[in-house]
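Form predicted on its own, single chain, as structure tokens, below.
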């Protein structure tokens, strides 16, 4: 038997924080690719410390639903899962290239394929583009548009910005959008000045965050100038300094994220190619028919 465990941060304060994780787990569970699909959280139940005890399978693929390599993926998750012999050098990563480390769980004896975070996988680039398609309602969006990829950024962890720069460059290389810019909340260049970085009249702003929360629903809309008070709502698109801003909300709410999770597990050795094809097709169909709707008042995705 083989199992997939998706691990995420969660929140005691925001009940919607874990919703995307559960939704992606449901999408993958429906493919039948794994005998079991479980979720575990740092700030919610089931906890990271207990989640492996809920799994019957002897072989487990653990995929962190995090944006970048850092404290949680390198220290917290391996410690809470009690992965025997874990050392970050197992990933041999430059901050972007963590793939898989195969270890055993100390107290359950399971073989654990511990994968790199979803945020640094190359398939995430496709999710960013899909997010732009969803928010504009245009499957061919790109010409005459700019795209801003927004991250938190912090000078305390250089890896925080690496994923943002990586995907911005990959989208830029596609040649699909007229302009592509990486922007940050806590370091330069800042998202507050988004209109200074684009000549295009239309700009899609996609936060590279896993779930919608305070940053994506309150801070960024106010920083960008969509509204003076997030509680009053805003239109998508909104006019800001002569530009139309198409604010997408957290990329992690996009249905195609389930594909990135599967890609991580496949890279670790799971034989799930058919499931990957199914998820890519079904998430596109679902979004095209409005099963995943975008709230035009708040710029966030809902069920």
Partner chain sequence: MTDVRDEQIEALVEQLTSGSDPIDFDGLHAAATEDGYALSTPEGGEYEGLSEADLRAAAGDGGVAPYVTNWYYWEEVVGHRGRHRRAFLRHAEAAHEQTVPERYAALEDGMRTEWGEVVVTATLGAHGERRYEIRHTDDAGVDSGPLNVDSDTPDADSEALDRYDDPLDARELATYDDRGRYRPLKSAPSLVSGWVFDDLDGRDAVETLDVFYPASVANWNREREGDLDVTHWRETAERQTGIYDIVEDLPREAVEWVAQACCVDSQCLKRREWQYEEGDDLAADGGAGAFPCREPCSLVVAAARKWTKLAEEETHTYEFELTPSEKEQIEAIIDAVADGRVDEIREADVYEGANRYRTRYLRAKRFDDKGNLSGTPTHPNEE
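Numbering follows the first chain given and starts at 1. This is a predicted model, so every value here is computed, not measured.
Same protein, other form: the form predicted in complex with its partner chain, not shown, and the subject of what follows.
Highlighted residues 136, 167 and 177: none comes within 4.5 Å of its partner chain in the predicted bound form, counting any heavy atom. In the predicted bound form, residue 46 approaches its partner chain with a heavy atom inside 4.5 Å. Proximity of residue 58 to its partner chain in the predicted bound form: non-hydrogen atoms within 4.5 Å are present. Its partner chain is not drawn, but in the predicted bound form it has no heavy atom within 4.5 Å of residue 273. Residue contact check for residue 214: none of its heavy atoms lie within 4.5 Å of its partner chain in the predicted bound form. Segments offered: 168 to 176, 138 to 146, 228 to 236, 74 to 82. Contacting its partner chain in the predicted bound form at heavy atom distances within 4.5 Å is 74 to 82.
Contact residues in stretch 13 to 37 (any heavy atom within 4.5 Å of its partner chain, taken in the predicted bound form) are 13, 14, 15, 22, 26, 29.
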